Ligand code: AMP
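Okay, here we've got a single chain as structure tokens, the form predicted alone, with questions on binding and movement later.
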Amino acid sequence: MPKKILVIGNGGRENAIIEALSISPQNPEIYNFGNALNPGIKKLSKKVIVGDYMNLDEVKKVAQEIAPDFAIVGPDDPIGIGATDVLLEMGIKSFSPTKKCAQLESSKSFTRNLCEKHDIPGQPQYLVSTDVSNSAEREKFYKKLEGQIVIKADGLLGGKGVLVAGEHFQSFQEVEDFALKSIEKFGRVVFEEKFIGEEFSLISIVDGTTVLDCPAIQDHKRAFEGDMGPNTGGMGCISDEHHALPFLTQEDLNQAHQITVQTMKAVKAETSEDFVGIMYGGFMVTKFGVKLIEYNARFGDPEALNILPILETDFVAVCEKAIEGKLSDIGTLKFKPVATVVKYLCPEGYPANSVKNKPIKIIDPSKIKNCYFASVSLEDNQLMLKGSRAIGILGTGKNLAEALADCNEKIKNFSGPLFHRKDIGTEALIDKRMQHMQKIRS
């Protein structure tokens, strides 16, 4: 009997996860529970059930119906409210962390306090504030760092819960307004020292004991060319043929890896539970070494699109070994020796005033390999935009220039009220990053 796998979520990330599972030599049966019918997921799944994955009773009902061998919870929100825990209560294990372990993402204060308690390197100066009336304490911290701070809501806000000095605010009053909203909603807010350097993501597969790293990636969060405009969930990502980035050194990657190893062990010490699944570390290379920006408790979207399509190791086996606490049996993860460039096609007006319920066309359906559907739905045999990032396009090549050309060629196959960042993966933008990093290191 083939294994049954339940994947919860219906975005581009889950499209890539299901594709990676589907090419396993174990030939599993894949079932999807999502908030909408994703056409890319439908094509790869034995059955798609549409409902509300934030309703844990619905999650339980679907799981009872399917009785999977294991599950994967893709998005942060259902992980954060305890979808993995509900499945565990039913005897269904998941390649996803429990609610306690997922505090690493869902609570910024949990992570900073954890890292301070366990003396984990790469941490900023920080303040956790819980009292709306204690404005003086927050202003003191703000002035101490001359306004060069980052403010983080202490909960999940879809990648939009962070404000950075110089980009999102210019005055303490703007900071205080955000802080009060965060305290009102989540009970606390976190102020942190702003790091100066270049960001990168190191996504690791973990089982509470072993850490296996994926290729290092750089995300591009700002909506428009030249890193302008509001933050988004991610407009695209790059990774080079060495599974790194041109501005990173091996020592940078080693430092990031060790921070994740220590943090994983600290989570076990704090919660008495093994963190199983994805620890996605957001890091920054600074003149003082690698610093930890934050952790996510799941694959990134679009980062999953850079990683999973080039994974050569059997992904079903990876998930199973992680769930069993035997990830060390895998040895190391094997990836194709290629560079990757991912760009998201987005509806015009995204993110502030997106076009919705407008059709998009695929010019040649035979040319949509490595194109991952996200915020689109299939309605009356038409692909309709649903308002958020629509289709993630992966380009690969022996170097970044070839990967960019491949990505751009695939983008031509889609028409409609869409736009994308044309500068992601270009030599000019990469040179800008390199020059910035040379200045930082010197």
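In this text, all values refer to a predicted model and were calculated from it rather than measured experimentally. Don't overthink the numbering: it's just position in the shown sequence, from 1.
Unshown form predicted in complex with the named molecule; subsequent notes refer to it.
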| item | value |
| --- | --- |
| The single option of Leu333, Leu253, Val162, Ile92 touching the named molecule in the predicted complex, heavy atom within 4.5 Å | Val162 |
| The single option of Asp85, Glu294, Asp274, Glu225 touching the named molecule in the predicted complex, heavy atom within 4.5 Å | Glu294 |
| Glu192: touches the named molecule in the predicted complex, heavy atom cutoff 4.5 angstroms | yes |
| Exercise: Met284 in contact with the named molecule in the predicted complex, heavy atom 4.5 Å | yes |
| 4.5 Å heavy atom contact, Lys108 and the named molecule in the predicted complex | yes |
| Partner contact for His243 in the predicted complex: the named molecule, 4.5 angstroms, heavy atom | no |
| Which of 244-252, 148-156, 347-355, 208-216 lines the interface with the named molecule in the predicted complex (heavy atom within 4.5 Å) | 148-156 |
| Residues of stretch 209-233 in contact with the named molecule in the predicted complex (4.5 Å, non-hydrogen atom) | Lys221 |
